[in-house]
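The chain below stands alone and is given in C-alpha cells; this is the form predicted alone.
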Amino acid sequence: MNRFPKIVAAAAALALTGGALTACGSSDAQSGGAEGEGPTRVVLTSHAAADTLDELDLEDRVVGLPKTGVFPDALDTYASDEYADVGSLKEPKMDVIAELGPDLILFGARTEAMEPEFAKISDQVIAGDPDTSDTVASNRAKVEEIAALFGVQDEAAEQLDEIDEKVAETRAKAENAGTALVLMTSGGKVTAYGPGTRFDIIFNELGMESAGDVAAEGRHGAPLSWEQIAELDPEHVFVIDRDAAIGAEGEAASALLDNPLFNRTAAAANDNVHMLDGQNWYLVGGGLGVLDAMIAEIDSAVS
C-alpha cells in the first residue's frame, strides 16, 4: 500500500479543521529514521514503548514523542531536539504527528481513545503500554510484539527472562515481609491502592500481602483518612509523590506523611516507608528497562 496519500490526506484534513500544520521544531526528526528491518519513522505517545525501543537500541527509529510537561529521566536518550515534541501524554499534537509521517504509532493508555485518529495518520497503530491488571505478563507481550516488528526477538528475550527471574526472587522475599499499602500523595491529599488497582503488580505479581481491603474506584485510588490508615497498620508503605512526578507545586509526600497517626503505623515505626520513583511508576509504568527498575525498588524494600 502506498502510504504517502494517507499522510497527505490526514494533514490536509487537519488543516481544513483549523489544525494548521506547524513546524515540528526538528528538521532532523522530519528527515530522520534509520535504515534496517522494521519501521523507520516511529511516533510514540507511550513512554513504556519509548523505554523498550531505547533498551533494544532502536531509539534511532523514533522521530517524535511527548515532551510537553515533565519528561522522565528514564527517557533521557530522547531529550535532544533530534526527537520532535508531539505534545503531552494526554494531549498529543495530531498536526505535528501527521507532518512527521510515521510508519508506526505506539500509543499509550492515556491516548487509547484516540486510536481511530492515529489510524488516519499511519497504517500501523499499536497500543504500547502494559495492562496494569497483569503488568509483568502484559509488559512481556508488548515487548515481544515490538521486538518482532524489528526482528530483535532474541535481544528482547534475554532481558525479559532476567525480569522474570527478578520477579521470582522478589516474590520469595515478599512472602515473609508482612503487609503493605500503596499511597499516592497529590495536592495535600492522600489516596490508597491495593490489589486490583493500577499498582496491582506490587501485590499479585510481586507477592506483597495487602494490609486490608482498599476499595479504589478506577485509576484514582481510595481516599482514606489518617485514622483509617493507622487502623490498617501496614508493615510496609510504598509512596508515590504525584506532585513531584508531574512537576506540580504541593506539599512534599514526606512532610504530608509526618503526622502522629501515620507515625503510629508499623511501617513508620520500623522505617519501612519506601518512596518510589514517581516518574517511573506514574508516568512510564512499564517498558523493558523501567519495569526492571520498578521491580528492583520493591525487591530492595523487602531485602
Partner chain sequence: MTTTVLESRPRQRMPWPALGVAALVVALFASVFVGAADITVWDVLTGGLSEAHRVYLVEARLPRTAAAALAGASLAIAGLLMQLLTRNRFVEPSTAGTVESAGLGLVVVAILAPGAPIVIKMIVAMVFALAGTALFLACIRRVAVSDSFIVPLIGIMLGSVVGAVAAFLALSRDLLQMLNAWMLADFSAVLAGRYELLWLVAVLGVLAYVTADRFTVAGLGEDVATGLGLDHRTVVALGMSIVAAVAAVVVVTVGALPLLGLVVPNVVSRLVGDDARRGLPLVALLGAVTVLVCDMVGRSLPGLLAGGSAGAGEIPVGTLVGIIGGAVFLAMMLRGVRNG
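Numbering follows the first chain given and starts at 1. Not measured: the values here are computed from a predicted model.
Keep in mind that the form predicted in complex with the partner chain is missing from the display, and what follows is about it.
- Although the partner is absent here, Ala230 is a contact residue: one of its heavy atoms lies within 4.5 angstroms of the partner chain in the model of the complex.
- Although the partner is absent from this view, Lys90 contacts the partner chain in the model of the complex, with a non-hydrogen atom inside 4.5 angstroms.
- Using a 4.5 angstroms limit between non-hydrogen atoms, Ala269 is distant from the partner chain in the model of the complex.
- With a 4.5 Å cutoff on heavy atoms, Gly187 counts as touching the partner chain in the model of the complex.
- Interface residue among Ala215, Ala113, Ala168, Ala79, judged by heavy atoms within 4.5 Å of the partner chain in the model of the complex: Ala215.
- Proximity to the partner chain in the model of the complex, taken as a non-hydrogen atom within 4.5 angstroms, holds for one residue of Leu256, Val239, Ala244, Leu56, which is Leu256.
- Residue heavy atoms within 4.5 Å of the partner chain in the model of the complex occur in exactly one stretch of 143-151, 127-135, 207-215, 158-166, and that stretch is 207-215.
- Of the residues in 251-270, those that come within 4.5 Å of the partner chain in the model of the complex through at least one heavy atom are, in sequence order, Glu251, Ala255, Leu256, Asn259, Pro260, Leu261, Arg264.
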